[in-house]
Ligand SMILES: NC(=O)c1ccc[n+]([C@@H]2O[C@H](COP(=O)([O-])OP(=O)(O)OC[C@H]3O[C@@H](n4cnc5c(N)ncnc54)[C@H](OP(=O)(O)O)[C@@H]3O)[C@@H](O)[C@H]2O)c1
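First comes one chain, alone, set out as structure tokens in the form predicted alone.
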């Protein structure tokens, strides 16, 4: 198998194409021939610093270091005991270094069957590959941690900070599917795009402080911060008595501090994809209820270029790598 990898954990190293042994699936494992890979900020953050990088070094597989989580493709082989996947199935999933698995920047991945969700023929494989981290994170922010279903429909009010980003776009749409009033924050150039997602109110941060603009429309049951630079105290001030402030990929020390501030309404999240968590997302895409924007498709060998683009924070759709 071929993969884009670093030879060591040295953050100065670049990703290069390497040849690795093709793994044979063991009990409960599935080997997938990868056709598309979704790029996420966590992919390049894991190469440089932070708690995820430390965890991957301690409990992940030994170098060469293959990063990446999102993938979609076709089942190539299954191990003993596998009942939910068969050779030839179109599937989507996410790798998990905590299980000793290499990342998804490769033409082949080996995962357990509970990490996979079948992809209907009607769903484009690149769109499926864009769902695992971003989609699961958005779903958990609104439905699981945000607990939107625990309040009456009239009280379902959601504010999404960074509504034009990969997670933000999906959070907006998921909140609308749950019957919520949704306010989305973005820049002037993305206002029309965010309107197209179905938001009830667009707040343009180029026109003044976004949280001050949101104040007249409070209280919100969920405030989803997909940017990471907003004041935790100001976000919590916009919440209802049972509301939640969700910080997406809050891997900065300040995010951990926010979680310790009474009344403990702030939570940090980076969704870990599983087959069960992906099922409602794939179903929504297949039904036409959820749209995923693809910004650009690049060959797998352009992984470094993809990371440079991702670091700009200016993308309004997902980057996809194709082996």
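Just so it is clear, the model here is predicted, and its values are computed rather than measured. Residue numbers count along the first chain shown, from 1.
Absent from the display: the form predicted in complex with this ligand. The rest refers to it.
Looking at this ligand in the model of the complex, residues 230, 269 and 313 each place a heavy atom within 4.5 Å of it.
With a 4.5 Å cutoff on heavy atoms, residue 249 counts as touching this ligand in the model of the complex.
Taking the partner from elsewhere, residue 149 is found to have every heavy atom lying beyond 4.5 Å of this ligand in the model of the complex. At a distance threshold of 4.5 angstroms between non-hydrogen atoms, residue 189 is in contact with this ligand in the model of the complex. At the 4.5 Å threshold, heavy atoms of residue 162 reach this ligand in the model of the complex. Shown without its partner, this chain lists 91, 133, 109, 174 as candidates; in the model of the complex, only 133 has a non-hydrogen atom within 4.5 angstroms of this ligand.
This chain is drawn without this ligand; in the model of the complex, the residue among 45, 31, 265, 277 with a heavy atom within 4.5 Å of it is 45. The chain is drawn here without this ligand; in the model of the complex, the stretch among 166 to 174, 80 to 88, 150 to 158, 213 to 221 whose residues come within 4.5 Å of it by any heavy atom is 166 to 174.
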